[in-house]
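Single chain ahead, by itself, as structure tokens, in the form predicted on its own.
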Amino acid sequence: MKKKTLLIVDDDAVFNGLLRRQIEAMGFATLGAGSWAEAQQKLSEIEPSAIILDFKLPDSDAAKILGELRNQYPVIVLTGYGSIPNAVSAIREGAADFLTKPVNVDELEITVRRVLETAELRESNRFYRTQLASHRPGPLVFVSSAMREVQTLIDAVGPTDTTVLILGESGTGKELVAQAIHDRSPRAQRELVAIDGSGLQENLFESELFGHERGAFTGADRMKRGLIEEASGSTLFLDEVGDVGPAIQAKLLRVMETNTFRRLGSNKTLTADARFVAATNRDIEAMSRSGTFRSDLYFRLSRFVITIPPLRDRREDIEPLTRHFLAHLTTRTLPVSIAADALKLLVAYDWPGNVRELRNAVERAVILARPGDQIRSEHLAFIPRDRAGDLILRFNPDPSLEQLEREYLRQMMAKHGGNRQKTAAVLGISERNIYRLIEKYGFGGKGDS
């Protein structure tokens, strides 16, 4: 984590230097300025966490300066006059606190730390109130070996600061995986920050990501920090990064390579302290080969790749996911359970929308079922029966005989709820052979019942 920087603005060079040394001894970085003009020059180059400002300067005074700074930086005003009217005036104009000269070192440290903590809390609260998707994603729910492999990768990469690329179809749970990675990282004490690359026009996306200065474009009536700044000390989740345009791809690459960026309309270089996790449902490796996605950005993103399998390839997760959704969609006093025929229908369906579609289906069925009742197959009438009941084998390219056998066995076991005895009877083979095939292909299943 980078040190917080304070700008000390005081025309007394000896006092300025003493104050800087005292603050640096507290663990902060400092810069000094002897006039408001010099301070403005430094503010065009750096972004301090707070400003300590002398009430009277050769070229201005705090009352005038505070009106310009009040929405950008927390300001602690220093004065040798120590009058109550000055203090009241400074607070009214937007000062975060007020100290008199000579400054007591202990009082200075308490004031600086309190002002910085208050500013950070205020900024965090502002940001989280404005997030449209402010609710935290739920836990990963699975029993399949495929998702156990995903969990193993999450556990391995989570504690590092490595950039992660999450691949998977829409609705497979890429944000859940991103949240799980963040939760296992040293940055977990701060909230994950997310932005959707497909949800905004390119100019708005750029402003959201990098922020902008006042006057950067029509309607920019005040400075706005971007999500890269909001994610300082945390994780920035770039969802659907494959939909981001070439101009922003170039800027993203620069941020990842240099840990620096600029707000729109600014020449000031800021430092980024965010860990990047990206996700896409597109084949960006192929896009990088064809030139529709920057190959250098792809290689930067793909240092560690996690691929989430579609729900149709891990049907054993459908039942625990269904029961998880039921537990969160119904109340203890008005529970809704699911009948065996309805559950069988859910397991047999292909779920092109993956886990998101399953959750929507369960929610719709809960609404249709009466409180205290069961979800039955008629509550799932929107699921096409020709897709849920028939045996469909899809391959691209043409499959081998072993692939056909594996997929056929998987679908038959799913159709019969994982019951080996029933599956063996339908296939016309012995249970011993079923056990051999299950072991061969790494399937799980229920015991005889």
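As the structure is a computational prediction, the values presented were derived from the model and not from experiment. In case it trips you up, residue 1 is the first one in the sequence shown, and so on.
In what follows, reference is made to the form predicted in complex with a small molecule, a form of this protein that is not presented.
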- Students should find that, of 293, 261, 349, 325, the residue having a non-hydrogen atom no more than 4.5 angstroms from the small molecule in the model of the complex is 325
- With the partner omitted here, the residue among 140, 116, 256, 223 that in the model of the complex has a heavy atom within 4.5 Å of the small molecule is 140
- Item | Contact test in the model of the complex: residue 339 vs the small molecule, heavy atoms, 4.5 Å | no
- Task: Examine residue 202 and determine whether its closest non-hydrogen atom to the small molecule in the model of the complex is within 4.5 angstroms.
- Result: no
- Message: Just checking whether residue 251 would be counted as a contact of the small molecule in the model of the complex - the rule being heavy atoms within 4.5 angstroms.
- Response: no
- Considering only heavy atoms, tell me if residue 321 and the small molecule come within 4.5 Å of each other in the model of the complex. yes
- Which of 94-102, 267-275, 213-221, 350-358 lines the interface with the small molecule in the model of the complex (heavy atom within 4.5 Å): 350-358
